[in-house]
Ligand code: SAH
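In the form predicted alone, a lone chain appears below as structure tokens.
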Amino acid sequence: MAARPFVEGETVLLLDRAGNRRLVRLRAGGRLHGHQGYLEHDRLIGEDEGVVVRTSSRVAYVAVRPRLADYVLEMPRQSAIVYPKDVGMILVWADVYPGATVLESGLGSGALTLALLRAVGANGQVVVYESRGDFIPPALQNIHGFGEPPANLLIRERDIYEGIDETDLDRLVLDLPEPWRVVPHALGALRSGGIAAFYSPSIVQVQQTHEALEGSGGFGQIEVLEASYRPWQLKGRAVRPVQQMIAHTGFLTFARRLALGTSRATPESEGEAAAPPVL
């Protein structure tokens, strides 16, 4: 594929030799100001990705298109984001695939929404429930800032604790203070075999969600995990982990919707002989 030059309106990531990162939305005639001098946007527009440019004080930057991880860590936000390491786990463990219909709640700053949109592709759909209307415009600005406005995103200003309108959902992804309250609604919203994913900062939230999933009788393959992120430093003979790693950010809970009429009741609970578990 041929190189695509930068165009006006595009978001570009600038990297200096020290590893500092800055996002800039290109605008004809615009300038990026900082303590290392200013950089004219016109010097980037029309250039290929990977070009090296210098500020007015001769500080060099490499200009590239941001990865999704770069973008969500640097974009403006008014709420905590789901960290990229957790987003990756959600996409893989919940098996979010092209063409899937996914319901997400809540919207936050839009980091997880961006990843879900990319995963479902043009033939899928992401529906988002957000109870706080003031969160929606800035989150949409972040989503649009990463690329073309998606046609397959539907945002509803509503409280998911009160119910879910959609049915036959392929996936359900929740980042909420009390996700266990959504479990009864999820039973009717997810298709058989669909997967629910829950992001929870506190293990107390996880415990209550796990109890609700098991108590519902409609979910199996329940799994709880967390991910750590530890970069390594390689400078000559100095090869070691960096001093500060990203350890706990949140717990991830996953569960599979069972077919209607299927119960997680074990043979022991019905007085029958024990059999190897299947879930």
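Just count from 1 along the sequence shown to find any residue number. Quick caveat, the model's predicted, so the values are computed rather than measured.
Below, we refer to the form predicted together with the ligand, which is not included among the displayed structures.
- Across the options 164 to 172, 146 to 154, 129 to 137, 94 to 102, residues that bring heavy atoms within 4.5 Å of the ligand in the predicted complex belong to 129 to 137.
- Of the residues given (Gly108, Pro84, Gly194, Gly124), Gly108 alone sits with a heavy atom within 4.5 Å of the ligand in the predicted complex.
- When contacts are judged by a 4.5 Å heavy atom cut-off, Arg158 counts as touching the ligand in the predicted complex.
- For Ile203, no non-hydrogen atom is located within 4.5 Å of the ligand in the predicted complex, even though that partner is not displayed.
- The shortest heavy atom separation between Leu187 and the ligand in the predicted complex exceeds 4.5 Å.
- Though the partner is left out of this view, Leu73 does not reach within 4.5 Å of the ligand in the predicted complex, counting heavy atoms only.
- Residues Asp175, Leu176, Pro177 are the members of 173 to 193 with a non-hydrogen atom no more than 4.5 angstroms from the ligand in the predicted complex.
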